[in-house]
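This document opens with one chain alone, in structure tokens, the form predicted alone.
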Amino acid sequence: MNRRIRFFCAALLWAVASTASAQGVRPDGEALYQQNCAACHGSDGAGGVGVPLNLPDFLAVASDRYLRNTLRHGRPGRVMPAFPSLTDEQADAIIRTIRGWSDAPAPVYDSVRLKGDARRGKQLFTEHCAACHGDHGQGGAGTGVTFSRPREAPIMAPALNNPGFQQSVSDAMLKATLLRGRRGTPMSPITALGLTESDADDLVAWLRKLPPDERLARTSQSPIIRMESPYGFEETLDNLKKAVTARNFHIIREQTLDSGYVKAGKENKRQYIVYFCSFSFLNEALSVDPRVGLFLPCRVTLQETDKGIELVTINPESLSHLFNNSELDKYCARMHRLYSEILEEATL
């Protein structure tokens, strides 16, 4: 009898688990989109930090395979990350949500490579496409964020030489995009420029030969910059402030490291943070990527340890890699150089 009861309970548990599994076959695409995509692409796909996804001409030519590959590969060196943690079912659920913004059926393309004249395609690209997409297909200046793109354009011209894009798009989708254009953006159908379907084949052949952006080659960086000082705490702090102001930065705040975490008067005076800023540089960097607000204004931590006095700050070049935005590289490289100069001068 006990054996029968145990068998019945086991069967019941299996049935419940199977039902729950079946109910989980179709994840909530809307919830997944809001969780993973809306912050950049807008809650309704209208764009923001990321490009708009609800443009009718985009959805008319974007295949499910292209969208799925984009989720998998992202856009290295740009704002769009890859999402390797999403399951196939979750990725498909997000795609169904995106599809819901259009009545157009999802196009299906073959994987056949088009046979065009790449040399002629290069000439056509230079004449008709490079003004927006860059002479090497590197995309428009800026990142496509709200601050950097022209107000009349809902999207910056994307980077066509990006490895994530090249891995995701088929020749047939490229050709369909060229022939259809993208209403609401500066991109018109190539037929409006007097070009033909054969010209589209030549353009696609050239696009497949675009060299990858060299700026995407990144090296691993230490997340912090640290230097030891041969001076005492007060002298090092005074040197730090002088080095900061000598480079036209304004000191905007000073505080102990544990300020706000301990009772007033109990702070450790030998662990100190100096905040400083160049407002012109801040505005310039924010126009490229608003996320720089996560590590600006600048700050240096001065602390006394068992080994002596040390200065520590973040490494902006390491953050540039984490932000996946090659347009931000030059600003982060500039900040890395300034941080190093300031710390060196304070400790010489």
Ligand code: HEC
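Nothing here was measured: the structure is a model prediction, and the numbers come from that model. Numbers follow the displayed sequence, beginning with 1.
The same protein has a further form, the form predicted together with this ligand, not shown here; the description that follows concerns it.
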{"item": "4.5 angstroms heavy atom contact with this ligand in the predicted complex for residue 182", "value": "yes"}
{"item": "This ligand contact at residue 70 in the predicted complex, heavy atom, 4.5 Å", "value": "yes"}
{"item": "Non-hydrogen atom contact residue 291 with this ligand in the predicted complex at 4.5 angstroms", "value": "yes"}
{"item": "Contact label in the predicted complex: residue 303 to this ligand, heavy atom within 4.5 Å", "value": "no"}
{"item": "Candidate site 312, 339 and 342: all three near this ligand in the predicted complex by heavy atom within 4.5 Å", "value": "no"}
{"item": "Contact residue in the predicted complex, chosen from 296, 60, 286, 49 - any heavy atom within 4.5 Å of this ligand", "value": "49"}
{"item": "Candidate from 225, 240, 157, 205 lying within 4.5 Å of this ligand in the predicted complex - any heavy atom", "value": "157"}
{"item": "Interface stretch in the predicted complex with this ligand - options 107-115, 173-181, 230-238, 258-266, non-hydrogen atom within 4.5 Å", "value": "173-181"}
{"item": "Contacts with this ligand in the predicted complex - residues in 27-60 whose heavy atoms fall within 4.5 Å", "value": "36, 37, 40, 41, 49, 50, 51, 52, 53, 55, 58"}
